[in-house]
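Presented below, as structure tokens, is a lone chain in the form predicted alone.
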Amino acid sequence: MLNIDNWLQSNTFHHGQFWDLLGLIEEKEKKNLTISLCIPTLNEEKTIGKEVVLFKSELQDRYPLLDEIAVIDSGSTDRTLEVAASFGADVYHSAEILPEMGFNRGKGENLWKAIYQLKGDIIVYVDADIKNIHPRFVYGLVAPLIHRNEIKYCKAFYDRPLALSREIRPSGGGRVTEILVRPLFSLFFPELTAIIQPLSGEYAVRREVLERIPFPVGYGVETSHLLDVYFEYGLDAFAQTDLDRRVHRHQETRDLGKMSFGILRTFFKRMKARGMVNDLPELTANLRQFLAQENRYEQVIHEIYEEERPPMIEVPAYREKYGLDAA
């Protein structure tokens, strides 16, 4: 097993290490890399404008690190797309990308279709609901991939247990991370416990990796990425960057239960496919929760299927667009 302490020393970064954007751009151009930013959205008109303005002004106009900024939307009913377009982002309806493949609602669907729609050798995904948005949410994630060819997937983390300038910062990830994902990784994939924030929505990935892994359309997408990349490339392919602090809206406990259910279905599907569990029964798609009203208790059943999209490299339209079948 790879020594986790060594990996933490060599593959864990702080965004402050990458303050020299001109140097970063020079290295990017030397390696002839293109970088695309994808912001997946659904009804984010309150925050999307600030994100687009900041990334465009700082990382396109002032420092040309990004080759494109794109919003891929699941069907917003507010002014998300109008606001994003007015500030200079390319905007796309997820349902209109690869229409022959149909459409599913879910963040994972947007992330998957971005591989087809966007042109970058590296795609960096940033959630649309970040209230303290800053350029570090992009350059802190793409920099390790630009500087080190062996790194293929860089995750963000925030307020984690690193000793920086003699200051020890509080430990712990999100609730689902600490209650579900970290215990699962501790039991079955101890090396993956080195990834401090496995469910963070911000990460940068090389196209050559993204196009070869399947995408759950819902809650399980981040967990599936970690497992699939780990199975194929090992822990050395990962890096992580400390972005200090992330301010966003918090979800209700009931919604976190839905997320956990989707993650579990994805996790056990991969365990079964790898022959790591025997005689696993067919997993139900029904999550059962309760509502209490005065002296009445009502069971509510949610159907959570976690449908998966195939590796993009298997999609004929993608192969044609990128000339993968050319002699």
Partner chain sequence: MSDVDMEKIMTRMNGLAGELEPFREMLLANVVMISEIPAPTFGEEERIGFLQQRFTESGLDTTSIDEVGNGVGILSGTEGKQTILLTAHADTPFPVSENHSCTLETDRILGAGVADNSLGLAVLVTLPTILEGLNIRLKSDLLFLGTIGSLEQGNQRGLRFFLANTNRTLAAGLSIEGAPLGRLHYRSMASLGGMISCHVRRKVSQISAIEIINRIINRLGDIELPEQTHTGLVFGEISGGASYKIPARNTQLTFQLRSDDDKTVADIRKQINAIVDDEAREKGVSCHLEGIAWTRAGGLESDHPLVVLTRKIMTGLGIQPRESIYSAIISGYVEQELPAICLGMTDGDNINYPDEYVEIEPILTGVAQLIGVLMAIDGGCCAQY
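Numbering follows the first chain given and starts at 1. For clarity, every value in this text was computed on a predicted model and none was experimentally measured.
Beyond what is shown, the protein has a form predicted together with its partner chain; the following relates to that form.
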Of 189, 103, 87, 233, the only residue with a heavy atom within 4.5 Å of its partner chain in the model of the complex is 87
Could you spot which one of 194, 133, 243, 176 gets a heavy atom to within 4.5 Å of its partner chain in the model of the complex?
133
Find out whether any non-hydrogen atom of residue 288 is located within 4.5 angstroms of its partner chain in the model of the complex, and reply yes or no.
no
Would you classify residue 83 as touching its partner chain in the model of the complex, given a 4.5 Å non-hydrogen atom cut-off?
yes
Answer yes if any heavy atom of residue 93 is within 4.5 Å of a heavy atom of its partner chain in the model of the complex; otherwise answer no.
no
Quick one: is residue 57 in contact with its partner chain in the model of the complex, heavy atoms, 4.5 Å cut-off?
yes
Has each of 46, 49 and 79 got a heavy atom lying within 4.5 angstroms of its partner chain in the model of the complex?
yes
Of these, 125 to 133, 251 to 259, 212 to 220, 235 to 243, which stretch puts a heavy atom within 4.5 angstroms of its partner chain in the model of the complex?
125 to 133
Contacts from 62 to 78 to its partner chain in the model of the complex (any heavy atom within 4.5 Å), listed N to C, are 62, 63
